[in-house]
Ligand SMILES: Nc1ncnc2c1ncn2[C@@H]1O[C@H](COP(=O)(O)OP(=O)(O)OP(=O)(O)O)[C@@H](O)[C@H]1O
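The chain that follows stands alone, in the form predicted alone, written as structure tokens.
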């Protein structure tokens, strides 16, 4: 199963969701593959030992036609990573937006899964272009982190309209799950945003919320996931709950330990 994590708005917890959901999968006995599809490379920087050369990054999959399997690196306590490189920003201008490039990641993952079938998490860049479209075309489910502020509601609407435009091209409904992040139960606005999101998107809104949590915020700066930083924190509990809900909904076809 492939899950892409995407929002056109920055600062909503996209990368930390990919990181900690990956760690939760690993702890459940299902080591995932993480793809860093963001030229900013935040997920790769958290790894701490990701190669810095473009020809050893995901850019080489596009530019040099290297197989995804050649670009994987191990990630202790998580699984494997295919790192990003700032050269990924050139993919739009180099390759355009034809069907071959838009389906390139899906085809590459299908070839990889023929020999190694495992959960795949794709950390997307925060704008619609070839890279984000590659992730959307390749994924089985799109997780959309929404921080609990009113501007994020507008971002959710933008994404929904984008998906509606893409669905006739894909000839299928793009499964999506809206995930509330930075949720502060002490603030009425958090509950207001959750209520409005549910009014608009119903069952596509996950019951799980990722609470505002110091451990979640701190762990990337220490090159750690939230479990290694503080496994007893509410942030760790929230991401475990997120994993279980995605499994229960059928968005991840795995067996939990």
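Numbering follows the first chain given and starts at 1. Computed from a predicted model, the values in this text were never measured in an experiment.
Note that the form predicted in complex with the named molecule isn't included here; everything after this is about it.
Chemist: In the predicted bound form, does each of 2, 28 and 246 have a heavy atom within 4.5 Å of the named molecule?
Modeler: Spot residues vs the named molecule: no contact at all.
Chemist: Just one of 189-197, 55-63, 225-233, 211-219 has heavy atoms within 4.5 Å of the named molecule in the predicted bound form; which?
Modeler: Only one stretch qualifies here: 211-219.
Chemist: Please run the contact check for residue 126 against the named molecule in the predicted bound form: heavy atoms, 4.5 angstroms, yes or no?
Modeler: Residue 126 belongs to the contact set for the named molecule.
Chemist: With heavy atoms only and a cut-off of 4.5 Å, decide whether residue 182 touches the named molecule in the predicted bound form.
Modeler: Yes, residue 182 is a contact residue.
Chemist: Within 4.5 Å, heavy atoms only: does residue 15 come near the named molecule in the predicted bound form?
Modeler: Residue 15 belongs to the contact set for the named molecule.
Chemist: Is there any non-hydrogen atom of residue 40 lying within 4.5 Å of the named molecule in the predicted bound form?
Modeler: Taking the distances in the predicted bound form, the answer for residue 40 is yes, it comes within 4.5 Å of the named molecule.
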